[in-house]
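Only one chain is shown below, in structure tokens, and it's the form predicted on its own.
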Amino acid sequence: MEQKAKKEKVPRQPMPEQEPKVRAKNFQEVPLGYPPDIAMREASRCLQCKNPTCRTGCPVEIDIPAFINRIKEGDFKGAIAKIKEKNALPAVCGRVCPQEVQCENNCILGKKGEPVAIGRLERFSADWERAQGEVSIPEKEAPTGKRIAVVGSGPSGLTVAGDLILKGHDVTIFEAFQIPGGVLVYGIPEFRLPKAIVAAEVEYMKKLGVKFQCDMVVGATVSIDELFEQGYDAVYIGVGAGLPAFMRIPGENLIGVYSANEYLTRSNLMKAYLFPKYDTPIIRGKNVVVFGAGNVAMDSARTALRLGAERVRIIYRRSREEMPARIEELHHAEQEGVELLLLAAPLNFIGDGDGRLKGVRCQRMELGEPDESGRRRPEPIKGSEFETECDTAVIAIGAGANPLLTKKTPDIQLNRRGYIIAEPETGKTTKKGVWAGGDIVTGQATVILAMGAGRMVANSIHNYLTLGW
């Protein structure tokens, strides 16, 4: 007990980061990462529990106490090696995964105080290895002669590929865009996940032996059946949920109204944030409103600030307590000057006569009884309509399943919302030799949950190819 009390006296170490007023004007990464001495100090807080509950909160089952103990001892090389036994994308997960509701939420220290900063330590380990320029490559099992096609190079696809290549299989990833990374590249802004980080993780996959074919739209350029005809023994579908969702209110076709999917893709993948080097067409609004309150809404609002907006507001129909965004992302957004307009819902957009957005008409809301999500249902207040000016609007209320691939593969069964039906324990679809996982099965979720699905599917594919399961 004395040992535990002593360790709890070390406070959770804050992450150095850019000043809000500075970072709101640039696209450089906000948190700057732990230096080695601070990482070791934070690692010293870990109690090294005999039954570590933190591991139960990790979808990819990293041996968390083991890698943290190695950081504490200054064995940074050993720490990253331990992480990579289970996670091929540690630099990504250390930045964008919601550790506060997963591993850190289960940390014993967190019961009475601040949990160990597991995500920050994971990021430190990955960044340390990359800085050394000597990325370790684990041993691969003997070649099996089996070929796997992975459709989509997002987090679940990269995980499937990384796991199966180590098991001795030949793996090719097919990506619709011109560069790999999926949502990690087109969806998450540079200030939260630098493109160089994703590129380094992709390069690691290539060193493992994974092959990439970009500009390949499976379902259009090539079909699933044609992949089998080309000699692939199994196919994994990890295309995400990239179909933009709209609010279906009047005026959504006005110039200046974007889906978050388009807005972030133009900024991230098409590099509007690097203007004038890249002159990507995007409206650089001065008065921007964002609808929604998840991480994508925060990314959109913070991007708008960095593109030159003088005022950015998030309009959300519920209260602050119901906002699904990570606490850290909301905190950063407010620090940078993003305003919240809560308990308000849009009724229609207002044009200027030339087809351009000039405002939005909204209605005040109040919270009623909980709905199926467990959150209190927003209900309109009669006679509370109001108008507010804006020249750009971003709709960030979620996304759906893109039907491009599934329409061309009718023997893959879908649910009523268009997502692929897959066995929960294996990821198997109704088409023999085809698996699916990540957002195309679950709907929009987190990076780490998609990776957890990829880990499960990789094991199932391996058993199918080697044992006939």
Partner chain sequence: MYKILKKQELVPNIHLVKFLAPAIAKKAQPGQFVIITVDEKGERIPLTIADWDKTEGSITVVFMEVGTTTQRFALLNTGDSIDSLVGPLGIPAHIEKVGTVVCVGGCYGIAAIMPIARAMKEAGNKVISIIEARSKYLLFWEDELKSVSDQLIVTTGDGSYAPQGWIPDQLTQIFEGEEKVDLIFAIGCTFMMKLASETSKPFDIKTIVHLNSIMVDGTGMCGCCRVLVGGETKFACVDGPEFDGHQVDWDVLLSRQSGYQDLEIQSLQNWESRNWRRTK
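Computed from a predicted structure; not experimentally measured. Positions refer to the first chain, counted from 1.
The discussion below concerns the form predicted in complex with the partner chain, not included here.
- Of the candidate stretches 57-65, 396-404, 433-441, 31-39, only 396-404 contains residues with a heavy atom within 4.5 Å of the partner chain in the model of the complex.
- Remark: all three candidate residues (P244, K277 and I283) come within 4.5 Å of the partner chain in the model of the complex, counting heavy atoms only.
- Remark: C97 does not count among the residues lining the partner chain in the model of the complex, judged by a heavy atom distance of 4.5 Å or less.
- Heavy atoms of N253 reach within 4.5 Å of the partner chain in the model of the complex, making it an interface residue.
- Although the partner is absent here, V257 lies within 4.5 Å of the partner chain in the model of the complex, judged by heavy atoms.
- Shown alone here, T172 lies farther than 4.5 Å from the partner chain in the model of the complex, counting heavy atoms only.
- Note on the partner interface in the model of the complex: the residue among E387, E262, E114, E85 having a heavy atom within 4.5 angstroms of the partner chain is E262.
- Though the partner chain is absent from this view, in the model of the complex it lies within 4.5 Å of a heavy atom of just one residue from A199, I350, C214, L367, which is C214.
- Of the residues in 171-206, those that come within 4.5 Å of the partner chain in the model of the complex through at least one heavy atom are, in sequence order, A176, F177, Q178, Y186.
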